[in-house]
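Next up is one chain by itself, shown in structure tokens, the form predicted alone.
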Amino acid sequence: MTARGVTKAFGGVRALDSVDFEADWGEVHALLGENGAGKTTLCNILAGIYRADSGDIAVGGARRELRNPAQAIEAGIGMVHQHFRLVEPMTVAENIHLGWPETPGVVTQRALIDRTRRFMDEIGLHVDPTAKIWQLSVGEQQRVEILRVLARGARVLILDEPTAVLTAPEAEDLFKVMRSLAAAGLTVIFISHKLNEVLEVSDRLTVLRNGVREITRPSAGATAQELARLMTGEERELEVEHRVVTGEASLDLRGVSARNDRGIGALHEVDLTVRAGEIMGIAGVSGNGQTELAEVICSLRPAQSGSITLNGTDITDFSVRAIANMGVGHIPEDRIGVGMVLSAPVKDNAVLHNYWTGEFSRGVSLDRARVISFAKRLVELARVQTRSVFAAAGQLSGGNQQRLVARREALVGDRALVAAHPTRGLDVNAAQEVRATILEKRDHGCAVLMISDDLDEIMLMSDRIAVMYEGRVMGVFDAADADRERIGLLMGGHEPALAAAP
């Protein structure tokens, strides 16, 4: 598949400037660049979602007009998007069969489930076919997206940040699938900000910077430092000094239990303490209660039993607004569904979590001038790339959306900050900026609970690490005593003994 001279502008701003791109059959080709560099725009053009202002696209040597996704699928190009496009009230099996040409005209639920299981066995990706989409974890929903595209016969598979929602073992399984697809002669285009993954799985790579192709080269021999420099024009490294914090708990959970969206127990009598001025990292394989833990603390999910206190005040039954008023910020796992209103302008999203305070509210109305002024300061502080604070938040790239949410919640979180996968989908520089923001909150005495599927990130950022398995805290480690092998065993439930008192 080749693209020649592809140009695309939005509102006078060029997202792509005469980009040439080529991916061979039977290869995994990585596409790199900062947030807003044009990676997703290029792939949306290849997938028929956007139309290029100029340029040509050819598949198998034949020039193709890709005016919509149906034409792209017909040409053999399918894309798995960073933000999910599933029908939430329907089951996994139903979603996979929607629009699949091989779906029988008349079929029973049992037949759909059996066909789905057979297809999953062929591909090597598995999700409960009977579960409804809204009941799945983010990682499980991502797998369903991949299965849907493969079911439609895509010969060129575009994956936009597929590992951003996967744990290390899940990512390794995906890499095996990608390699097997490439070995079968398919082309896999892989967008990622995780440079070590790119070097591990890709055959070749292309770097975009400010909408222009910087380089295309074999992945063999490249280094993460070299790629980061090509992507950003600079080389940055975050230095983290771990702390040993003593004293009273700031955020304290005692015997907390909660159910997931399917009504099944997800947290089981969790005891956990986060002290002021420390980062408590939560390590665990996706789906072991981390999501429910964050939601229970922030009152997005009720606790079935137990208590949650903040600086000695029981906040277990508080409302979401009351939790924010207490000084608890929340960077949510799902920034689209929970953290933002995409149709609303950036300025409104900037105050989404504290618009009712005296700073912005005058009785029943908002002080629009103050909202706009605050939004401009926030955009500058978070280095959000947007043409205007009046632009819809949905027009921002995923990384810029995350920058906005992370910095907004850091400002709200004076006492505690719950950060769930705060750097998911971010490029190197953006991830460093969000991490620096979290460290800044810690250094100013905030109690930080940080959840991440990336064990490297947890070990880099955390002063203490708690390991969760099947909704239970399996052990708590000081950063100095954290052992990757033992943490890995605990994440798999293979060593039930507690490592230390929480």
Partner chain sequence: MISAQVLALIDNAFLSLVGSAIPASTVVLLAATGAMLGERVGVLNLGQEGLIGVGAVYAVIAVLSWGITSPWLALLIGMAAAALAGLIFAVAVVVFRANQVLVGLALALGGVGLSNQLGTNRNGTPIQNTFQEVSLGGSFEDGSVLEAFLFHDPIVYLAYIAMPVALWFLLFRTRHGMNMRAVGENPAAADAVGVSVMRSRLGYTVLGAALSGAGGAYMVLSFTPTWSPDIARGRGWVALAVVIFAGWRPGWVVAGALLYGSMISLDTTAQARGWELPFFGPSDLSFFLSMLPYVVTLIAILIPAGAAKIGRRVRATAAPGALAIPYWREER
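Just so it is clear, the model here is predicted, and its values are computed rather than measured. In this text, rigid core is short for the largest set of C-alphas that superpose within 1.5 Å between two forms. Residue numbers count along the first chain shown, from 1.
The same protein also has a form predicted in complex with the partner chain, omitted here; what follows describes it.
For the marked spot (85, 90 and 103), a heavy atom within 4.5 Å of the partner chain in the model of the complex is present in each of the three residues.
Residue in contact with the partner chain in the model of the complex (any heavy atom within 4.5 Å), chosen from 107, 322, 215, 131: 107.
The contact with the partner chain in the model of the complex, taken as any heavy atom within 4.5 Å, belongs to 49 out of 436, 460, 49, 58. Among residues of the shown chain, residue 94 is one whose heavy atoms approach the partner chain to within 4.5 Å in the model of the complex. Among residues of the shown chain, residue 196 is not one whose heavy atoms approach the partner chain to within 4.5 Å in the model of the complex.
The partner chain is not shown here, and in the model of the complex it never comes within 4.5 Å of any heavy atom of residue 445.
Contact between residue 206 and the partner chain in the model of the complex is not found at the 4.5 Å heavy atom cutoff. None of 467-475, 450-458, 64-72, 22-30 except one has non-hydrogen atoms within 4.5 angstroms of the partner chain in the model of the complex; the exception is 64-72.
Superposition of the core reveals a Cα shift of less than 2 Å for residue 390 between this form and the one not shown. Once the cores line up, the CA of residue 432 ends up less than 2 angstroms apart between this form and the one not shown. Positional change of residue 88 between this form and the one not shown reaches 2 Å or more at the C-alpha, relative to the superposed core.
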